[in-house]
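Below you'll find only one chain, the form predicted on its own, shown as structure tokens.
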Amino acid sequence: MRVSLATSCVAALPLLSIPLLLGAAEPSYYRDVRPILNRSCTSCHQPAVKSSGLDLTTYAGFQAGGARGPAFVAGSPEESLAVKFITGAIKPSMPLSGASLPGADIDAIRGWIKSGAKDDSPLEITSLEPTVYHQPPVITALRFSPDGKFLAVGGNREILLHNADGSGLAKRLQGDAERILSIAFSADGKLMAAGGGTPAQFGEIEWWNPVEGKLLRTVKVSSDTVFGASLSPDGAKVAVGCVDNTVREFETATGKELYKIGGHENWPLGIVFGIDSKRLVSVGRDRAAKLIDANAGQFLENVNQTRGELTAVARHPNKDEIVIGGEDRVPYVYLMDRPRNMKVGEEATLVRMLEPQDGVIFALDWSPDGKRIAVAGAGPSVNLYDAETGALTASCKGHSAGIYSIAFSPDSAHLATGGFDGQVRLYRTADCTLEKAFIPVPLVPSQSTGTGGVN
């Protein structure tokens, strides 16, 4: 069982008392300094890269310093290498690429060092015991294995591998991330990538060998959860969206960060690679679907005309055609490539619009045979559309609240769904017949009723 003392204690206090608990009048590493380092420094100074031998993802790494010596001298900001680098007193000035730190950020680091450079990170106690569930968790990620044998479902600090027909739980794969928001398999099924994190603490990418149930490597990313983890078709890269408005690419073999890509003006929430792994499209809260050169880490252009905030994207299995959706409730099908003879103001990449949904769109998927598009969100149904004509073919009913994740089976004959009510539902795609509904986590008996179930 995993317990966070900091989270449980703070959550129990009235909101107005939290600043007193954190010591708002005194400079704080966790509140003031750590977010600056995660935002501006950890892309180069992290365990997977560790430029100049310096890891800035933890207080211990910051304190230890790197090849040039300790990063700071408690009580003496002007003698601290960290201050000298970020002020340009010694070269090269930091951050190495991009704009210099704002004066307020420099003052925050200097003030914290001057006050004694104390570590006030919350105490996190974990063990290898599986998570104990008293009620079903909200389901935010699920995906079938390519061989059709398993369904991976995101839980609390773990991924649960179920038999694909819902007949039983096969494996529990435990990690650090409190929530898993996205899951992707390599084409051969030998690699599984997952993205998520613990809100307001860290984002995490996990690489698994799902066959052996073995965690291959993890990378901590930024100071909050990461979104839309996408594995390139060649399996060589993983891309995620971050709360600093960047899309970041990582090398699968090493976990090394390859690129930190700007261009979005708000959080990127969904990402998909093109079929040749050389490009990707990211969508986000800034309403844009952005085409990115995945080999060079460069923003190329917007694919769409901006409307509402975008939350989801899926790609045709055999060509560079995508479907996007979000706040304005309409799924749009676009080409990734813009025709050369495009006229000014013309939305030449738009293939078709599907009908408006009953609520905001949270999840999209394109069937492996290319024939169907599934759309889900705040509405009560998952709607299936003919990908060529845009006609509604079936509506999968049964959910009582928001639907956050959907996935077609490899043979396109089944659809898995999950969301707020904590149940996985399996439907037959031909007519949306419900085949199975189950809670994906083992529940302990309720103390109030003495029976298993939702408290």
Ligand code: HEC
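Computed from a predicted model, the values in this text were never measured in an experiment. Here the rigid core means the biggest group of C-alpha atoms that line up within 1.5 Å when the two forms are laid on top of each other. Throughout, we count residues from 1 along the sequence that is shown.
The form predicted in complex with the ligand is left out here; the points below concern that form.
Residue (of 387, 407, 44, 394) lying close to the ligand in the predicted bound form, criterion heavy atoms within 4.5 Å: Of the candidates 387, 407, 44, 394, 44 is the one lying within 4.5 Å of the ligand in the predicted bound form.
In the predicted bound form, which of the listed residues (336, 269, 86, 333) lies with a heavy atom within 4.5 Å of the ligand? Residue within 4.5 Å of the partner: 86.
How about residue 82 - does it come within 4.5 Å of the ligand in the predicted bound form, if we only consider non-hydrogen atoms? Flag for residue 82 set to yes.
So in the predicted bound form, is the ligand close enough to residue 56 to count as touching (4.5 Å, heavy atoms)? Yes, residue 56 is a contact residue.
Classify residue 360 as contacting or not contacting the ligand in the predicted bound form by the rule of any non-hydrogen atom within 4.5 angstroms, answering yes or no. Residue 360 lies outside the contact set for the ligand.
For residue 350, is any heavy atom within 4.5 Å of the ligand in the predicted bound form, or not? So residue 350 does not count as contacting the ligand.
Could you tell me which of 65 to 73, 412 to 420, 426 to 434, 398 to 406 sits within 4.5 Å of the ligand in the predicted bound form, going by non-hydrogen atoms? Going by heavy atoms within 4.5 Å, the stretch is 65 to 73.
Inspect the rigid-core superposition and answer whether the C-alpha of residue 428 shifts by 2 angstroms or more between the shown form and the other one. No: residue 428 shifts by under 2 Å between the shown form and the other one.
Aligning on the core only, does the CA of residue 57 end up 2 angstroms or more away between the shown form and the other one? Residue 57: C-alpha displaced by 2 Å or more between the shown form and the other one.
Answer yes if the CA of residue 71 moves 2 Å or more between the shown form and the other one after aligning the rigid core, and no otherwise. Residue 71 C-alpha, core-superposed: shift of 2 Å or more.
Tell me whether residue 61 and residue 175 end up closer or farther apart in the predicted bound form, going by their C-alpha atoms; the shift is 3 Å or more. So the answer is closer.
Kindly indicate if, in the predicted bound form, the C-alpha atoms of residue 247 and residue 56 are closer or farther apart than in the structure shown, bearing in mind the change is 3 Å or more. Here the pair is closer than in the predicted bound form; there, farther apart.
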